[in-house]
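This document starts with one chain, in the form predicted alone, laid out as structure tokens.
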Amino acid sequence: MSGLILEQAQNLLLERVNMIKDAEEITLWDAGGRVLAKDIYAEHDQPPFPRSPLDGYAVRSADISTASKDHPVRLRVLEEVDAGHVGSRCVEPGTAVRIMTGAPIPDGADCIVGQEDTDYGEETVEVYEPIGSYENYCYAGEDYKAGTKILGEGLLLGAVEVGILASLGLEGVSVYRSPKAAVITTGDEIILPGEELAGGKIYDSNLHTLVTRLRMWGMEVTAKERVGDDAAFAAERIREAAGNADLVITTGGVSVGKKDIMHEVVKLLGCETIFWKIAVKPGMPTLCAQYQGKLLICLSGNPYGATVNLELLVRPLLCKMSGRPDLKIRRVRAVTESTFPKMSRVTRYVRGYYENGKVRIPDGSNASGILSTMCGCNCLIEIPAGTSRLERGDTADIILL
């Protein structure tokens, strides 16, 4: 049996999770990439006063209506006002105030003459160009008015949104908490970096690969550990990890070998099995279950297989749980610059590099146990089930990473 098609598997998992609505208060420094938990309203106008958009002179437009290079208008300069300071004088007929960008426009002035249209005078100034009323004039509340809804609940906060929050004078903001994941890798043959590489052992890359990717997606990783091929011990570690996580992800032990312990682990935990096997390559023997209302996603132990199915199965879950639209799977069409000669009996995902509407397969092995040729790749090439081979010049769907 080849298992569920990918869309069926994704839907079975998605219907069991909801967006996390627990809110927490964080500083603006940590707000990028988080989702706003409540509407934000302005408490003041922005800017809070009329301000100058350039360096020049605050004047009355009526005073300079006849100004020209041949017949300049001369005005008396009352004072200079710099950004961050408030002037003490009102502009009256025949006068001007020297003003810098961002400084409050004094009463009486209705426009700003750019300094390049003057003689840069300090006690008096000659103006060479007429300026209309309220030209070069930034109104109070030009950006937004007090009481205006500025940002809406559910909005993903990026650099601009965080900047707007800062312009409101806020130091912190209420956001929905990030999903929490526990990652456990299994196998007697794997050891962690830093341990001695004894005979028959290999270093575990899955733990670091998956944890790093989850953190890149904004997940909080609450547990990260390796366990051996002991079903009872693995079940206990998963039970403990699930207590502080929304999602538990494991790698290894999902096929039908003597040491494939995850089927027994699921029984020991009393999980509800959702499915075993999906019709994709790599990672066909993926096992998914539900434990005490939380999903247990058991991925292949092969590094590339685990990486692919993290993208195909876990990413959509995180998108829904976190309310982050930027985590939706993104598909585009591309022209292939490489051949892939193997028959694809089920949907196959091949690592690739996409640029300017074209995609190529990197040199080297595409085997599910090989991670090194994934380096530098930015997409997965989807080869439909039943395809005999992928030819150069074919058009293919790709999933952007």
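Small disclaimer: the values here were computed from a predicted structure and weren't measured. Sequential numbering from 1, following the sequence displayed.
The form predicted in complex with a small molecule exists for this protein as well; it is not shown, and the discussion that follows is about that form.
- Using a 4.5 Å cut-off to the small molecule in the predicted complex, not one of Thr336, Leu390 and Asp394 places a heavy atom inside that distance.
- In the predicted complex, the small molecule sits within 4.5 Å of a heavy atom belonging to Ile190.
- When contacts are judged by a 4.5 Å heavy atom cut-off, Pro303 counts as touching the small molecule in the predicted complex.
- Contact between Ser205 and the small molecule in the predicted complex is found at the 4.5 Å heavy atom cutoff.
- Contact check for Gly253: a heavy atom falls within 4.5 Å of the small molecule in the predicted complex.
- Only one of Thr185, Thr118, Ser178, Asn309 lies close to the small molecule in the predicted complex, with a heavy atom inside 4.5 Å, and it is Thr185.
- Residues of just one listed stretch (245 to 253, 231 to 239, 268 to 276, 125 to 133) have heavy atoms within 4.5 Å of the small molecule in the predicted complex: 245 to 253.
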